[in-house]
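Here's a solo chain for you in structure tokens, the form predicted alone.
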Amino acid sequence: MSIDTLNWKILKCLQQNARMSNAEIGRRVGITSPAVSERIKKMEDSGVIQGYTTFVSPFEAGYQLKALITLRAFMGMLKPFLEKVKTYDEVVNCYRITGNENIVMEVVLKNQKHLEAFIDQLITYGETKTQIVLSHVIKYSEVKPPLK
């Protein structure tokens, strides 16, 4: 699907507040509420809009640590790990990457002891490196139109 300027404006509104009404979006972008609804439906059907979510603060929910953990899988352990990682409650994001490591995970943990126990589970699949997140610099940034 080609995303025109109007659709990018609609996406900007939704990325700022996914609960914004179609009427409010229409007012902001200059079209009617039914036209907004039709455009949103087309973007959902084509996969441009993949869903709507709620962002939960891990710290307010009782977690004390957020970390980025990379994994360099042992020979023959990458595929088993790709299935296993889906079962870890601690993992909030996981990416398969290029470079020396195969995987980078964003994890939330209760404390340092929880981090140690989690790493102990990971080391059966490969070598890990851990970085503790101190703060967010950019959080939930919107996807913008590609540069031409």
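Not measured: the values here are computed from a predicted model. Note that residue numbering begins at 1 and tracks the sequence as displayed.
Below, we turn to the form predicted in complex with another copy of the chain, even though it does not appear here.
- Though the partner is left out of this view, E38 does not reach within 4.5 Å of another copy of the chain in the model of the complex, counting heavy atoms only.
- Using a 4.5 angstroms limit between non-hydrogen atoms, T124 is distant from another copy of the chain in the model of the complex.
- Using a 4.5 Å cutoff between non-hydrogen atoms, T5 does not count as a contact of another copy of the chain in the model of the complex.
- Taking the partner from elsewhere, Q15 is found to have a heavy atom lying within 4.5 Å of another copy of the chain in the model of the complex.
- Along 103-130, these residues reach a heavy atom to within 4.5 Å of another copy of the chain in the model of the complex: V104, E106, K110, K129.
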